[in-house]
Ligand code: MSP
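Encoded as structure tokens, the following chain is the form predicted on its own, with no partner shown.
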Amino acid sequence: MSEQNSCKKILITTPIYYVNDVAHIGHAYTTIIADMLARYSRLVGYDTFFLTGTDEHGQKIAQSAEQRGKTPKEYADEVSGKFKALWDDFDISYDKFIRTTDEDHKTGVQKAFKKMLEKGDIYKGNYEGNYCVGCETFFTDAQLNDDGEGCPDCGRPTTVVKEESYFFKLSNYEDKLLELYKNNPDFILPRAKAKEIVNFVSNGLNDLSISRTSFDWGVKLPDNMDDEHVMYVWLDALMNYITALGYGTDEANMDFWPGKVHLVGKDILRFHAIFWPAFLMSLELPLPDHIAAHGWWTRDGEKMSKSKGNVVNPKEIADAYGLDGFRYFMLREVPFGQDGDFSQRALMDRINSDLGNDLGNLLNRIQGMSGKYFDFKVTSKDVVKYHQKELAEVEVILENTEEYIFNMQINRYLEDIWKVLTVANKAIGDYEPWAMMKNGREEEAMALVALITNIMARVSVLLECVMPEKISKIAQSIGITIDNDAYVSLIKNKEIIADTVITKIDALFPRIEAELLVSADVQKAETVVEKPRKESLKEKSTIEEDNIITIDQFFGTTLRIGTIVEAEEVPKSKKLLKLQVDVGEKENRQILAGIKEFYSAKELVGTQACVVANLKPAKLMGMLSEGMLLAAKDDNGLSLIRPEKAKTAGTKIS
């Protein structure tokens, strides 16, 4: 553990998930983010406590249990067990899984209620208001939808509730809350989310009803007072963040309070950014650093719903595409706080391009170069001598990683890591280790292989929190252990790894050619075949008949996007360049192209071109050529045919 972080304690939390349904992609998204933050915090040396769990009280749970012929506790046990099993299957590194039906939690909530009562922040009165069972929330008439009946959050009808209630003096904390937001602009993240909370509080806060008498599935009030009352579910639920640490019982882990980050969905931001800090102020407890609210997920541009059959089951996606690929996609695809759209095509593109082409292929190149040239042995003694420029570039890129993490700019964190991978891949093209070896410059070639290995080591240290399983295999392959010592050495102190031996492993991110799952509504869809249009006899084609081919003949040619990963001149040839081209297959294609008069080998590396991929292999000057690049030539010279924007290697052209 690094000296600067050895005493710092960090609490990372998800919301506790309401047990009214099975886990969906939104639950998985929150939990994966929290797991990444917790793993990163441990890596950099913080004493970390990661909390998740389930929220199990309230009228909605009681009604759901009754509909299924179960007691509320039986129903809660069943659904909570499914959440815990999923997080265990996803290898979520939580330190505690809390349930609001835990006895220690109930004791802590009762202590909090009693303390707020003794302070004068709770009083008894009568309540009449519009109640949404689905959201477990009261609303004023002014807050309801335009029809005067619908819940402003979920749109479902509300009911008018009249009952005796205990109230929390939320109105007393209006000015303190506004002062909190003003003095701590990062209390709510992203900052853009704070405006709606400030506006809500500025419009005035009503005292909050915090008990119910119309049902009994909840935490009873302390000291057997008013047995007909149970606590409002949100008072109960929010207290989990401190009862899980022992508040009201042994208080064994209360030194982890205040929390670093409370992760929530934007639909429950108001409860966490208004009710929760007010409760903590009443209890005279310090406030967490950040309430971080993420957006919602749609599927293929549409809101998810059971009726549409397009709800994303996170377990099915992880099983089909791999858990680490799923984790990477969720963390990289959308800036935190914005709504995201899930599609299998986008997931496939991320896996094939980012993980397969950029990360996985770089490891393959390390294995290939070290094995071919140096019997898998790598020494770093000359890296600084030959590659100070690249090392400095990497260090500049990685300067802001921790700032990005705790400001919830996770996509930028990953974007910067991919910039580092670009430095590594570019260096191979710039320095051409194959040419160095042919010219007897073995020391320089070894320094380059060592540079790439060192870059992969640093990337691995920072990516382990994102993809723990796959990155642990990369670390094993390049001979390092990812822990706090590695973080301090490679990231903080910018040291070079010692000599190492590369272990060859199978491809970590094999290419995915087709969608592996189809939503129910797509499976049911009928295939619509358009009837062929009859051509008018009066229409006359302007195409010369001699060269016309059928559409079937055209599709007999397979055209793909190829990425040129290596290039060198063919000795004794004025025209030929020998290229290694990635066309999305397990191994690169060797293609001999007669373009030496128009392109240098160096400028082609890392670029893309259109490849005829099913051309019969041929030998040119005794060397095998397994394809052909498409090009156009006129009086102004020759130009390769390229995609307008970069595409995944192997993408079919049609």
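One-based numbering along the sequence shown. Not measured: the values here are computed from a predicted model.
Note that the form predicted in complex with the named molecule isn't included here; everything after this is about it.
Residues Thr30, Leu238 and Asp267 are all found to lie within 4.5 Å of the named molecule in the model of the complex, as judged by heavy atom distances. The chain is drawn here without the named molecule; in the model of the complex, the stretch among 349-357, 487-495, 230-238, 567-575 whose residues come within 4.5 Å of it by any heavy atom is 230-238.
The shortest heavy atom separation between Asp55 and the named molecule in the model of the complex is within 4.5 Å. Contact check for Trp297: a heavy atom falls within 4.5 Å of the named molecule in the model of the complex. Although the partner is absent here, Arg642 is not a contact residue: none of its heavy atoms lies within 4.5 angstroms of the named molecule in the model of the complex. Although the partner is absent here, Val466 sits far enough away that none of its heavy atoms falls within 4.5 Å of the named molecule in the model of the complex. Out of the listed residues Arg458, Arg212, His272, Arg327, His272 is the one that sits within 4.5 Å of the named molecule in the model of the complex by at least one heavy atom.
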